[in-house]
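Below sits a lone chain in C-alpha cells, taken as the form predicted on its own.
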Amino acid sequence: MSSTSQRSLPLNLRRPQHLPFTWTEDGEIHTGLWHSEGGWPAPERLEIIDDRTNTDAAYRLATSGTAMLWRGDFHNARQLLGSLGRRIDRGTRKPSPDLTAAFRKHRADAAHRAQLLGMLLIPLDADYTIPLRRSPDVRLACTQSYGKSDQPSVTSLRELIGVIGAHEWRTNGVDIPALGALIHPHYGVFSPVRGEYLDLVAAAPLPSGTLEDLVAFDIGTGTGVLSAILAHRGIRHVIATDQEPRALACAIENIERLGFTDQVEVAPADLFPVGRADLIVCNPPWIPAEATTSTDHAVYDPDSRMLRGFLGGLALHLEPAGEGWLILSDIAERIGLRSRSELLDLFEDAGLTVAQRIDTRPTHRRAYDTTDPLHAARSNEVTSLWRLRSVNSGTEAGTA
C-alpha cells in the first residue's frame, strides 16, 4: 500500500469499508474486520508497535506505506498520534496570496495527512472492547457507528477518536438558539455547529398564507435541524428528505425528541419528494470540489451537483406563489472555485428570480485563525439566504 496508490484512489472506491482483514502477529495469523468509514483500503503491510516506538520511527513507517498496529498503552497511542500529526504539519500552514492554489494545496495536504495518520491502528475485540491498557469504553460509540459486531476488528486510531467524538456530540447534543433546544447529530451526519445560517432560516419572512396551510420541503435534511426550525415557526406540514440512511435515522430521532412528528415527515429521496410546496429550503455543501473521503460529502459538492439539482428542479416543485430558500456561503467565490456571475446564471437557467438576499457573517473560530492558509477567504466570508421564486410567478425580482 503506497502513498501514491492511496492518494489517487477514485472517490467512488472510497466508500465505508467493513471487510475481512488478516494480519500476522507473533507468528500467528489473526482474522477480523477492517473498519474504515473514510473508505481507505486495508493495509498491505503491517508492523506491531508499542510504547517504545517514537515519533520519528512511526513517521518513517507511515511514509513507507507500513501500517502500525498498537499494542501498548492507549493514552500513549493518543500522544503518539498527536506528535505524529505535528510532525506531518511542519510547513503546511503557510498563508498564500493565491487562494485557489492555497485551497488545492490545503486539500492535498489534508488527504496526505489523513492517509499517514490513518496508519496508526487500534485493535477491537468482538464486542468493541479495546484490549489495551487504560482504554476507554467505546462499545456503544462503535455500535452506533459501525453496527453490531460478532468478531474482532481493526480501525485507525484517528477514526476511532472521531467515533468517540461523534458519540459525545450525539449524547450531549448541539445547542440551537433558534430552537431553544438541542439537536443530536449522529456519526457521519453534518453537525449544525455554525449557527449563523440557522438564524437566517429562523428570521426570514415566510411566504404569504396561513401557517396551517403552508407546505414546506427541507431538501437534504441531515440532522433535521432546518425542518425543526420551520416547525418551530409554526409551519404545520414539512417534508424532510435525504438519501443517506444515517441522516434519515438522525432526523427521525431529532424530530421525535423535539415533539414535531405531527408536523414533520422524514422521507428518503434524492432531492425532492413528490408534489409541490409553498417553501422549499436547501443548505447544500458549499464547496464545489471532490470530496477526499466518503465522510466529506456534507462539505464538498463535486461540480455543484446538489446545488444544480436543487435549482434545476425548484421551479417544478414550487407552488405558483412559493419560494425556494437557498442557504449558501460565498467561500467558493472567495477561493476562486465559482464566481457570483456563475451562480446567478444557474438561477436564470433554472427559471428563477431573486426576491431577496439576506446576508450574515460567520462567527466560527476559523474566521479569526490567522495561521489558516485560507484565512483571507474565511475572514471575509458571507453566508446568504437567497429567496428565490419562479420567473412565472409574476413576482417582481429584488436585488442580487
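Note that the structure is a prediction, hence the values are computed from the model and not measured. Numbering starts at 1 and follows the sequence shown.
Although it is not shown, the form predicted together with a small molecule is what the next lines describe.
Heavy atoms within 4.5 Å of the small molecule in the model of the complex are found in one stretch of 312-320, 77-85, 144-152, 222-230, which is 222-230. With a 4.5 Å cutoff on heavy atoms, residue 156 does not count as touching the small molecule in the model of the complex; it lies far away.
Within 4.5 Å of some heavy atom of the small molecule in the model of the complex lies at least one heavy atom of residue 247. When contacts are judged by a 4.5 Å heavy atom cut-off, residue 298 counts as touching the small molecule in the model of the complex.
A residue is said to contact a partner when one of its heavy atoms sits within 4.5 Å of a partner heavy atom; residue 213 fails this definition for the small molecule in the model of the complex, lying far away. Proximity to the small molecule in the model of the complex holds for none of 37, 70 and 118, with the criterion being a heavy atom within 4.5 Å. In summary, among the residues 273, 185, 162, 285, the only one with a non-hydrogen atom within 4.5 Å of the small molecule in the model of the complex is 285. This chain lacks the partner; the member of 174, 206, 111, 269 within 4.5 angstroms of the small molecule in the model of the complex by a non-hydrogen atom is 269.
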